[in-house]
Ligand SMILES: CC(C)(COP(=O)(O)OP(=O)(O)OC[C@H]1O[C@@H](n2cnc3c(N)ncnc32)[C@H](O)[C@@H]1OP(=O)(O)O)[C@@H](O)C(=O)NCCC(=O)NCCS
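Take a look at this one chain, the form predicted on its own, written out in structure tokens.
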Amino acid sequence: MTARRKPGSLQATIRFVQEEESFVVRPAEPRDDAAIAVLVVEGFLDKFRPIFRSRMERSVKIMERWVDLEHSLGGVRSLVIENPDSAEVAASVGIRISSSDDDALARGLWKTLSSSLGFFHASWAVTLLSYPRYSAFSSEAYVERLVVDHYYRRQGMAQALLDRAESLARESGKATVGLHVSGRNLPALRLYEAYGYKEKSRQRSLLTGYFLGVRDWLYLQKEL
């Protein structure tokens, strides 16, 4: 089962105009999973390359399966920004607003990784992909994989997606929104701080510091 539109304000599209172009923020549909996967892999190459190495060509299919699992088992809804002239998905974000079947999610990810990469490489991938670790709260929405295609950056798309994600969290009765960001991602840190997110904790990992170049993972939270 994949994510489907639900009635109400979530179903409505939101248009905004930036630099004389009109873009649409809308709920993601199953047909968008592949485009979201491409955006995520390209947007986080510094994380995916050390993990998948010579198997990078398989990373998009694995990520596409992961997005589908998040929608069906992880309580995540995705939003995308689409250029209506080309129907190209230019940006996306996921937001967890419902309960997650973490055990089934982990089994689904392991099955996908092991069938694509083999046991040993899959074990390695799971170890690195497990960072940053997060424990969900029923009163909190969690924002993840906010990414904008490099061609469309600096046009306000990240802000538009973040605005809509926070609105969705409020509509779902959440009290806070949380997210993680790497300590070296200064542009993202500046964006989140400007939106009122504050650091609540951080995880330090020598493993990801050595292999991914990311030692600190900051957990930020905002009250709604």
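These numbers come from a predicted model, not from an experiment. Residue indices: 1-based, along the sequence shown.
The same protein also has a form predicted in complex with the ligand, omitted here; what follows describes it.
For the ligand in the predicted complex, the listed stretch (38-46, 61-69, 25-33, 163-171) containing residues with heavy atoms inside 4.5 Å is 38-46. Within this chain, residue 177 is remote from the site of the ligand in the predicted complex, having no heavy atom within 4.5 Å. For residue 154, a non-hydrogen atom is located within 4.5 Å of the ligand in the predicted complex, even though that partner is not displayed.
At the 4.5 Å threshold, heavy atoms of residue 147 reach the ligand in the predicted complex. When the ligand is considered in the predicted complex, residue 191 lines it closely, a heavy atom lying within 4.5 Å.
Here is the short version: of 187, 50, 196, 183, the single residue with a heavy atom within 4.5 Å of the ligand in the predicted complex is 187.
Residues of 102-130 include none with a non-hydrogen atom no more than 4.5 angstroms from the ligand in the predicted complex.
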